[in-house]
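Presented as structure tokens, the chain that follows is alone, the form predicted on its own.
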């Protein structure tokens, strides 16, 4: 482990910008809100900013993207295919531990099963990840309930942990070690690991007082959802609150559903587009012939929470599908983000236990 003065954070970003497209938390000029975005100027990255409103998944899984094009020659009856090169070195700087776990969930979905998604794979190649461990929680966070934070345990090249005027700089790969040497960092000494552990323990201890929007009761609700012991009344109540806007899916670091559409151009080329989809949309499960097995919104809502909180889905991701970032609570106009849904189910459990 190394010591890096916080004043050197800009030099870290600048060093990475020489070899990678740079992405990180920035503050929007018009609102001052933190967003995770592509940056040209390394000085624009704000490691001290709160957790961004959007997760970094658009870097590897863009909201809308052309994945290939084709032309059909009617006279020759031949098809020619074209595909963009999606491989570009990318540095993700300032990821929070929850968002890194979200990225690892996407890796397991797109790369770790029977089929490999080559478009996702190309985006994920040549990536450098710098994690910024949380030394304090934010109001909507509950990563401690989903085993996603506040510190990252795997999958990073560098992990930074704030320690007064310095960062504890932890290299997680050869690339991370090389960056430490390039920046001329000093060894942190034998007590550094213990110091980091105390900082993270202190962060966890602050959740009760500072993560005041945290209403999670995850483990009991995971049990209920997995075993199906949730009454239809609860799902109908949750469905009644849903505006079917899809915002929860779009800000979720682990949501991976997409739609495919072919769009014809006047030049005779057809672009195959991939775009984000959401189980909150009525057309999400519509089949050929207009049959829709999940037309009622409550049927699609319980599918979402089964995906995020059931044990069977956790086996697929090797962790819960929810990483506890709290973004869905922040954006949901119907007040049915994960933490609130857990609260509704918790009330049912408590009510049943009181009988």
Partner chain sequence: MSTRTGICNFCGTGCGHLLKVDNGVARGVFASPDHPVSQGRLCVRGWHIHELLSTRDRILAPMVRRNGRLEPVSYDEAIAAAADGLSRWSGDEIAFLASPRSSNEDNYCLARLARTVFRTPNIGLASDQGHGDAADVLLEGAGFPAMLGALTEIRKAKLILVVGGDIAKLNPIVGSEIHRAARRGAELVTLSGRLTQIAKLSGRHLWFKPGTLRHSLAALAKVLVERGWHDASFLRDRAEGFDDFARYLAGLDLAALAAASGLEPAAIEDLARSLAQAPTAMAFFTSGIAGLDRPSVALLFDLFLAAGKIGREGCGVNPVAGICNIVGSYDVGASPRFLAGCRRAEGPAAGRTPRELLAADPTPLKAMMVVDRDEEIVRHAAKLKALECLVYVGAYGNPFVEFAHVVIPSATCAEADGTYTNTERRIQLSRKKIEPPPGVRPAWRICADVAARRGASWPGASAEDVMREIAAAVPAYGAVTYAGLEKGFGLQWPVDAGHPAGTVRFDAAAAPRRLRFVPAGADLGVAAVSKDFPFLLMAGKANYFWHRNNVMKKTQIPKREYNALLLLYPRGFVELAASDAKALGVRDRAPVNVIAEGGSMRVAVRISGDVKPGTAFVPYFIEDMVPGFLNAAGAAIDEDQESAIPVRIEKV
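Numbering follows the first chain given and starts at 1. Owing to the predicted nature of the structure, the values given are computational and were not obtained by experimental measurement. Rigid core here is just the name for the largest C-alpha set that superposes within 1.5 Å across the two forms.
The next section is about a form of this same protein that is not shown, the form predicted together with the partner chain.
J.: Residues in which of 188 to 196, 152 to 160, 205 to 213, 248 to 256 have heavy atoms within 4.5 Å of the partner chain in the predicted complex?
T.: Careful reading of the contacts points to 248 to 256.
J.: Using heavy atoms only and a 4.5 Å cut-off, decide whether all three of 107, 136 and 351 touch the partner chain in the predicted complex.
T.: Not a single listed residue reaches the partner chain in the predicted complex, so no.
J.: Wondering, does residue 283 line up within 4.5 Å of the partner chain in the predicted complex on heavy atoms?
T.: Yes - in the predicted complex, heavy atoms of residue 283 and the partner chain come within 4.5 Å of each other.
J.: Contact with the partner chain in the predicted complex for residue 85, defined as at least one heavy atom pair within 4.5 Å: yes or no?
T.: Although the partner chain is absent here, residue 85 would stay clear of it in the predicted complex, with no heavy atoms inside 4.5 Å.
J.: Check whether residue 43 has any heavy atom within 4.5 Å of a heavy atom of the partner chain in the predicted complex, and answer yes or no.
T.: So residue 43 does not count as contacting the partner chain.
J.: Examine residue 344 and determine whether its closest non-hydrogen atom to the partner chain in the predicted complex is within 4.5 angstroms.
T.: Yes, residue 344 sits close enough to the partner chain in the predicted complex that at least one of its heavy atoms falls within 4.5 Å.
J.: Counting non-hydrogen atoms within 4.5 angstroms of the partner chain in the predicted complex, say which of 227, 275, 219, 231 makes the cut.
T.: Of 227, 275, 219, 231, the residue with a heavy atom within 4.5 Å of the partner chain in the predicted complex is 275.
J.: Let me know which residues along 259 to 276 have a heavy atom within 4.5 Å of the partner chain in the predicted complex, or say none if there are none.
T.: In sequence order, 259, 261, 263, 265, 266, 267, 269, 271, 273, 275, 276 come within 4.5 Å of the partner.
J.: Note yes or no: does the Cα of residue 291 move by 2 Å or more between the shown form and the other one after the core is superposed?
T.: After core superposition, the C-alpha of residue 291 moves 2 Å or more between the shown form and the other one.
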